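For reference, the chain that follows is the form predicted alone, supplied as structure tokens.
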């Protein structure tokens, strides 16, 4: 079977019920992920400055690990920055900081995730203008990413967290309409369970855009704790030729440690 890589989600501080499995320094997260048997780490930083750490670089080299992707959601959650903010100065600052994440991703040879930083639509009447602003912002990021040879991935997020571009078809359509070349799609099985009419078919129909995958069950626990058919999902991904990363973005329940261990054992069992 194609060798897929596993990645542990790492953040320095979990806020509320955020779905991350390691909390602490990024360098300690790398060491912890290696000890458990993960192939990579997915790092969620509040700013690119947090990634300028000699300890992180040293840990990656010592443990022979790599970063699979950089999450950018903390920019939105912690600061309110978004790519569709009505204030042009706020949008410009969001783009500037995301470009710094692209710079970091070039150094680490990894992806950059775009999710909730797209912001939300305040009302239905503003949907066209918000999509226009998002398209303009994403085109600028796409050109910058292309110049730096970095791929970004845009995530469909369920309607209860982001109120537009919630499913794979909407994201694929947005990517095409805006002619985005270095921005692909990330899928998350938790969000798909809410938004997709048919998970298998949505993967098949949009496989050309899928470049990164999050595995979490229907209740956002690790696979096996809800009702999703991960055998079907994995087989469908493999049938499309997907050969990338499967990442553990799920709730740290019943504890961070148990979720980290059980996510990996569940997914390795699927691989076998």
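None of these values were measured; they are calculated from a predicted model. Positions refer to the first chain, counted from 1.
Although not depicted, the form predicted together with L-Erythrulose is the subject of the following passage.
Note that among 238-246, 27-35, 212-220, 53-61, the stretch whose heavy atoms approach L-Erythrulose to within 4.5 Å in the predicted complex is 212-220. Residue 161 is the only one of 103, 140, 170, 161 with a heavy atom lying within 4.5 Å of L-Erythrulose in the predicted complex. Only one of 112, 157, 130, 175 comes within 4.5 Å of L-Erythrulose in the predicted complex through a heavy atom, and that residue is 157.
Remark: residue 195 does not count among the residues lining L-Erythrulose in the predicted complex, judged by a heavy atom distance of 4.5 Å or less. Taking the partner from elsewhere, residue 22 is found to have every heavy atom lying beyond 4.5 Å of L-Erythrulose in the predicted complex.
Residues of 170-207 placing a heavy atom within 4.5 Å of L-Erythrulose in the predicted complex, in sequence order: 188, 191.
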